[in-house]
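Before any questions on binding or motion, here is one chain by itself as structure tokens, the form predicted on its own.
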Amino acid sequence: MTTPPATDMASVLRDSSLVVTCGPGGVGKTTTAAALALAAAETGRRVIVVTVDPARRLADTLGIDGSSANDPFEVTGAGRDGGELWAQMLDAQATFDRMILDRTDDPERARTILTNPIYRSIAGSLAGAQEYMAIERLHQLWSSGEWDLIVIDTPPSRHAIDLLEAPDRLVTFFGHPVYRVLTAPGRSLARVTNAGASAFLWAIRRLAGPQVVEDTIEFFRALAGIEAGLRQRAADTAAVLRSAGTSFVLVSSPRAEAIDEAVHLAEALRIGGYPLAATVVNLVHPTPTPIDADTLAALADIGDGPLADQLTFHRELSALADAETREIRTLRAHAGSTPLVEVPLLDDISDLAALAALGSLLTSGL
């Protein structure tokens, strides 16, 4: 049965077991995720928010430091009526390692993977590794059953949908002919004869030398032992992301370039079958009170001075607000019947009280 669309952000937080914030960079997405998590905790829910590289002030507000990376910890002073707020900063390397350990029954095989030079490079720097590990961490938290609500702050990206497609890409990878050849038992570098795999290995050998090729084969062969578990994990996560208890919150600013990216992402969510539940537009400038025609006529010949400067500022702010309104209208059309919340330009969030105030703005719809 299809879940009816939410009428406001408060109902999104009440009815969801997973909230995923997504959108362009620099629009306050991470802060929005934290504020939504805090607002849910204030209603008595046990909530965890997983953030990706939060701004320093927000990290201080949540109590995040280097020593707590990848370990959930309770945010002091958050939550009411039995509610709790926990926070965690994603550590892609540690999450990757934990995934290997969780999915490997043989300690020796796990050690082979974790110490392999190719694995160390992939876990730390491969394009998309951080995105996939955010999804992997989601699966770990979801499977634990410890939380009433999980809030995932996705990494900012022009192609943020790549994060959501990571589980599907992993399944495709395991079915690729090159992977099948590399993991076939009894093969060595000299005996790999498949045309696609040979071309692939020849290119690596030419660029990096034969040892890198041997390390690559060893890595893929060791990975083959946990393939079935990873494939099932990826399929489970893909299903969770599209489930009725999941809500995607699209976050943008009213800037034209941010709106364009948000519109692209909203369409990608629709095509991918991911449930968009609400949209937030941060950093909205106020619309000045209009000046009537008679007053404008009386001020037409005003000379230079503070009053003239104020009039110029009023015109510029009015033009900016009008432009933002047009951009927001474009995004609203793609949001359909789901709620869209406009948040005014605010000071930096520097403490829990300010974060709670933002949460109130988001859930009241003002």
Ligand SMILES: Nc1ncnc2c1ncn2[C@@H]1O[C@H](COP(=O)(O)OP(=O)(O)OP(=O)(O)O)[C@@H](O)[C@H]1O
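So that there is no doubt, residue numbering starts at 1 and follows the sequence shown. Source: prediction; values computed, not measured.
There is also a form predicted together with this ligand; it is not shown, and the following applies to it.
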Subject >> residue 27, heavy atom within 4.5 angstroms of this ligand in the predicted bound form >> reply: yes
**OP:** Examine residue 353 and determine whether its closest non-hydrogen atom to this ligand in the predicted bound form is within 4.5 angstroms.
**Re:** no
Original post:
Using 4.5 Å between non-hydrogen atoms, is residue 55 touching this ligand in the predicted bound form?
Top reply: yes
Original post:
Taking the shortest heavy atom distance, is residue 10 within 4.5 Å of this ligand in the predicted bound form?
Top reply: no
Subject >> Proximity to this ligand in the predicted bound form (heavy atom, within 4.5 Å), stretch among 315-323, 301-309, 42-50, 336-344 >> reply: 336-344
**OP:** Would you kindly say which of 279, 282, 95, 237 lies with a heavy atom within 4.5 Å of this ligand in the predicted bound form?
**Re:** 282
